[in-house]
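In the structure tokens that follow, the same protein chain appears in two forms, which are kept apart as structure 1 and structure 2.
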Structure 1
């Protein structure tokens, strides 16, 4: 620092080398050793800076980086929060000093940046965010006249983040304007008492906003597609823009110099950005079968189709017809009941496939814990995972969860009841598509069924359905011998699952016997095996003219 003569020049130099100066914030100059006072602090250039200055190249992006900096919103990015009147009012109050602590709650992490950027813009202040050292962050924000943004969702228990105690302690002593954001409110009483606090519930962008955001992010898409995306995916903010960027890159890459239309690259980009978040008790299933594979009586078949169309229609109805205000929550919830093997799980898969979404199946055995409170935590995680992936959530074989409520027999049952209460509440709060399946029919509490928009009972298939099930059970390529008598087979009382299993056994028997066709005797053997598996008696007379094949089947 030699050469600075006047006091003013020395002061200016100190300011440009001080801890909040850009050179220090961006890490271009770093502290070397420890000094008792800032004035005695030795500073050295960061690795690569000299090389860069000498013209030897280097990555500018790696040279300088201010971990606390939050850029203002980009002009071409659409954020519904920029035009939100309550947010603007809150921002102005933060800017004028009427407030120095604001809470923005209810918005998932993905949209919090948009919300807080809008707030800072109305405050007329730059925005900074929390790094590892809250006190240093507050000092820097004070020097820069910035609003400090503290996302609170991951303050609790994230190892690399400062603890809530450290943050609260620092905030208690500071007067820097601060904005807290979180899905759930975080309101330490001492803090609210010490500061001038106000808060807002920041809604997740609705259908209309999402449609506009998709349109801004991917202007080449046509209106129908934009609407479809806004209906099916409740994503907004950073996630939506990530999809747009990945889709754009995909289109450029595939076009080999001449960008392809981006439309075909949107769904794969969504999969890239949002999927595969399963794990723990949640498993991802990719739907393979379609309605063409599903055999149900007309009434139930129509109900299955209706679930998909209700899910598509809801976001529009909710907003344009005002139903969202009435019910508070969106989403579609369906309960499938019926005997084992009647197609409940398969139907969940098919509905998901119709919507082009991912199916996340919850493993209840893993969710239900003997520890009080753990089950709810696990369920919450499952709901979150599905919401973050914009997936359909399936609680398969959920019987364990809902006997009659209120019937407390043993100590453990009490917990089971608590869990149902929680599940019902959480179900209502979810705005996705949630499907539960159960084998119980009469034993379900009406308090439970009331919460579902659709309750579909899957009957055992009648002869007409069984005939179609038998036809579908053999793939088109399967070499079926002419003697296979579907009408005779359809007279046997079997479920879809039993028919599918019998057909597989028949094919295996045919292949095993070295033949090149699947004959009636193989199918009868498959049926016999299936009856054995179910511990049911198959009387030869039930097979009519094919009774003699049963003797052969049971002999070998």
Structure 2
């Protein structure tokens, strides 16, 4: 009996030192040299372990790490997928052995973790993820009775073929339960034929789910603020946990020992977590101008305000009132048309600021490509960046990108039409706020126009608007001389952008001349320079009693 117990003890000890045991998985013990068989493998403590055991200090978090382990979700943020009946059924089938391969498709990268954790919870199994060695990952998952999670977004395309082949080959030889996730499906035919497979298209969390997630993450927020955050932001559980942590830290820091209410720190925390993801063809703009800077006729002014209101209201009417079932697309799409300088881009910035969001402006020079298929890829990247940043997407001067589809007369015409068709679909699929500006409304394909909820035409400003624009063009701190005749300036046919440029030129002229104030002669010089830039003729009669200043401006 003693021998048996000794053998059992030795076997248990041997198992505790095996490749799937915690000491090896977390890297606390590492292989030293090579052995012919596993039983003969020599093991040594990892760097820092012996020092820690001897009480010489060390960072516990750095001593050991299991790269394949996926920690259970923090209960602070409710997963929106826990209440999904189809996902629960899929998880139970995976746990019972009725299935051994599941696919969860359509979920963006930030949301895939939430979905697969909910699946593993329904399966009643721990969750592990793919590392550099698929076969070792499968062996470890088999020993631990775990579900192996394989994100597939990086397995598409010819450059990834070696990795794809290695993963597929390992899965074909194994029956370990596996969950595949991706924005678009990855379905090798041989793999589906060899395993018991089922899949699910994962829906985007609705307004009710998002509100519950925000409430769980930040329970001190009031109902009105919770609803507003749920409307504006479609965050994953990981992002919400980050926002809550940053907001809590900000409240503690600002309170100087006594934490402030966390509500005041939520918006800065959101900006920290979500913003600054621009790059490539997309440039991030932080809105600085407000409604007070917007000078438009009453009709257009009200339309701009309605866009912000519509974006806030859409999630509620889509889900609570059932309009999502009747509408083929979500989000809010707006088209701004008008001559350059009439306020289209500034209005997009102001709407974004009203919503408290970030504005991502697309650089069309980097999006439109002569190579077949590249424009679509660049467009997808722009839309994806906006969705991941929870930002407003702006296509400025989009005539070239969203032009009319034409008759196929050349080979390239067919590809151009395919690009437009793709853009139509992607615009329709977006759940965010997308704004396009165009200098010429007639240049926009009618198929695009039908998909806009708002079409706002920006006219050239009339005298009343120009008068206000001139007053706004000079900051309160600017030393404006008494002889500056705003009424005379307002009679000049100029756009808002032209007025702002002329005012800036006038200020530079005043500073360059060593004067203490910006006088009318400086403003006339700025106006004259602006007319020259626009290749327009400024007649002395248009300046009325200040016509004589035009000669001086020309000489200057």
Ligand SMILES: Nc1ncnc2c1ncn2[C@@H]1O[C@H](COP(=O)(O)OP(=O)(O)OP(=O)(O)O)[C@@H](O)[C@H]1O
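C-alpha atoms forming the largest set that superposes within 1.5 Å between two forms make up the rigid core. Numbering follows the first chain given and starts at 1. All values derive from a computational prediction rather than experimental measurement.
Taken from the form predicted on its own, structure 2 is distinct in origin from structure 1.
Superposed on the core, the two forms barely differ at residue 24: its CA moves less than 2 Å between structures 1 and 2. Superposition of the core reveals a Cα shift of 2 Å or more for residue 473 between structures 1 and 2. Once you line up the core between structures 1 and 2, the Cα of residue 511 ends up 2 Å or more from where it was. Per-residue C-alpha deviation between structures 1 and 2, core superposed: residue 545, 4.0 Å.
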